[in-house]
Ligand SMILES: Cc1cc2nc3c(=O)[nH]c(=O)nc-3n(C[C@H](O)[C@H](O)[C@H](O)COP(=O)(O)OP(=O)(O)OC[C@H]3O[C@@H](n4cnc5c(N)ncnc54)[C@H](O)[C@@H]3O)c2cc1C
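A single chain, nothing else alongside it, follows as structure tokens in the form predicted alone.
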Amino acid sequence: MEFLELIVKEVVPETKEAKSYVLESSDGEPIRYEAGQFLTLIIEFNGHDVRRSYSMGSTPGIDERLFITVKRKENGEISRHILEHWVPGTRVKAVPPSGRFTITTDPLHQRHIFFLTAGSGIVPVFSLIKSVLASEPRTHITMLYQNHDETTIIYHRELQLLEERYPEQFTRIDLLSHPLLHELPSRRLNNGLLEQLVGYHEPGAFQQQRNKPPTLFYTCGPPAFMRMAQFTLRLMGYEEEQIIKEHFTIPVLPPPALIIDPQPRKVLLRFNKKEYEYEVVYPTSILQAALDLHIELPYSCKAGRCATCTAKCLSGDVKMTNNEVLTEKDMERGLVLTCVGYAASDVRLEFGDPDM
């Protein structure tokens, strides 16, 4: 596959634990991406290549330069490596931008979008907020942003500028669990507080006007934070389709419990105008079988959470053991996640469907 060759052009401190890295393609060509997407970096570490995905805080059409933001993680060897060693001029290889934590904007839309985020989960949220504010002048945004204290707020000044520029469109609510200023309340977003804040800012949530786009909730943060948000919103009556999630923590999946007849299945795969044919036997996934044959397909998490490995199933039957990113409509169109996809029959797949 075609990888991106990137160069670090500038390093921008955000907090004492986070920095932004302005990136450009080594050939000078623009990098195509959507607001809310991420880059999967391929980093040489301890003698082998490691893949890590980092969201872009920049917004195409608004920010002149693409940037990612990296926050130091406890026991995070790769984030520490980047923060300590990346300087202007550093070169890095990456998979082209991907991810489905995106939004389709329309200047005629008049809707309410909540962004629920914590810590470095603000990075893709920041990109989306800028896109919506610039593209949907009749839409209102309410952002609930959880942090430890005032010094850990990533993009603090930039968010202030957005508040000043869009006072009627953008409501920012900062929640600090351990504020340094004594006059600020200590608040941590939980079920009760989330229900209270959503109810206050969306009093007509259950009385949607005919033909009016529904309220949306975009959430990105630690797993427990996102589980709490999803559970609370569903209990409040919001539909699953109204809740869009982005996962930063990727767990190691256990061996698949799905039972498929372990006989060889033929995979016919089209990618980058080339066709590949190979066999796969359960419990090897479609993606892993290709990688074992040195077929360089796009992937990142290998856990069914990021959609980098999405392909369209043109014929045959693919069983997925996990799916936290494709919607019912996506699957009706034949989209599958090859990292957790197992061939239950001979299958024909295509990567790079323009409608994906």
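Everything numeric here is computed off the predicted structure, so don't read it as measured data. The numbering used is simple: start at 1 and walk along the sequence shown.
Just so you know, the form predicted together with this ligand exists too; it's not on screen, but the next bit is about it.
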Practice prompt. Name the stretch, out of 135 to 143, 118 to 126, 102 to 110, 176 to 184, where some heavy atom lies within 4.5 Å of this ligand in the predicted complex.
Written response: 118 to 126
Worksheet item: Does at least one non-hydrogen atom of S79 fall within 4.5 angstroms of this ligand in the predicted complex?
Response: yes
Discussion item. Even though the partner isn't displayed, in the predicted complex is L66 close enough to this ligand, meaning a heavy atom within 4.5 Å?
Written reply: no
Worksheet item: Does the 4.5 Å heavy atom contact test between K73 and this ligand in the predicted complex come out positive?
Response: yes
Worksheet item: Does S58 make contact with this ligand in the predicted complex, using a 4.5 Å heavy atom cut-off?
Response: no
Practice prompt. Go through H247, H148, H201, K130 and name the one with a heavy atom inside 4.5 Å of this ligand in the predicted complex.
Written response: H247
Worksheet entry | Residues of stretch 267 to 302 in contact with this ligand in the predicted complex (4.5 Å, non-hydrogen atom) | S300, C301
